[in-house]
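Take a look at this single chain, the form predicted on its own, given in structure tokens.
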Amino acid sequence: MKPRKAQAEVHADAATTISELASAAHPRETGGLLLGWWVSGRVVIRYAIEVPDPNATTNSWSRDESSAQAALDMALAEHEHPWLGYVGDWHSHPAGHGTSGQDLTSIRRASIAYEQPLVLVVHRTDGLIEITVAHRGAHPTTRAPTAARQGQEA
């Protein structure tokens, strides 16, 4: 199946959660999982949850798979939405730069394993978020930065 161009819609609550968690972790990076669903060619991001990395630094954050699975299981049980599932990752960049080449490679590679597109959200220190959508390993589409405190469609 040929990858299709997908769009992402970030709910205002998810954008606010990301911004608040990034501010609380500053000057270290933090990150976590994006929860939502796919509908009509769009990825709807309804929630963002944190997966803390005790070894995070000012320029790195790593997702521990067992901690991520536990956080995902807890969030799915809490929200009980029948469509809700993992749709991507997010993390902060307190150094002020946007999505890195390593970030793009990671989301592109991760998307190979999924039938539906995956999203990467990077929070910048200027309060903007960058949204990248990758599908089946295809070159991701990075959208222009958008305000983190507003629900945005990329």
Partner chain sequence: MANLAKSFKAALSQIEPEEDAKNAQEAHKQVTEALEADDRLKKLGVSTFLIGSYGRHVSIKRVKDVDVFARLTKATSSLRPGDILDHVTEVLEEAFPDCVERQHRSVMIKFPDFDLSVDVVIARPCVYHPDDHWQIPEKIEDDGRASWVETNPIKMAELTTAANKDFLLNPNDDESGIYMPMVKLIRQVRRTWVDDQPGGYYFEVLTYHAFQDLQPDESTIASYLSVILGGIAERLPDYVDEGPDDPTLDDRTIKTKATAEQIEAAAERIAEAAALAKKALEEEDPCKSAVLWRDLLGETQDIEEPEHVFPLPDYCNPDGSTKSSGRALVKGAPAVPAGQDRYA
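Please read these numbers as outputs of a predicted model, since none were measured by experiment. Positions refer to the first chain, counted from 1.
Below: the form predicted in complex with its partner chain, not depicted.
- Although the partner is absent here, residue 128 sits far enough away that none of its heavy atoms falls within 4.5 Å of its partner chain in the predicted bound form.
- Shown alone here, residue 89 lies within 4.5 Å of its partner chain in the predicted bound form, counting heavy atoms only.
- Within this chain, residue 85 lines the site of its partner chain in the predicted bound form, having a heavy atom no more than 4.5 Å away.
- Its partner chain in the predicted bound form is approached by residue 93, whose closest heavy atom lies within 4.5 angstroms of it.
- For the partner-free chain shown, 37, 38, 39, 40, 46, 59, 60, 61, 62, 63, 64, 65, 68, 69 of 37 to 70 come within 4.5 angstroms of its partner chain in the predicted bound form, judged by any non-hydrogen atom.
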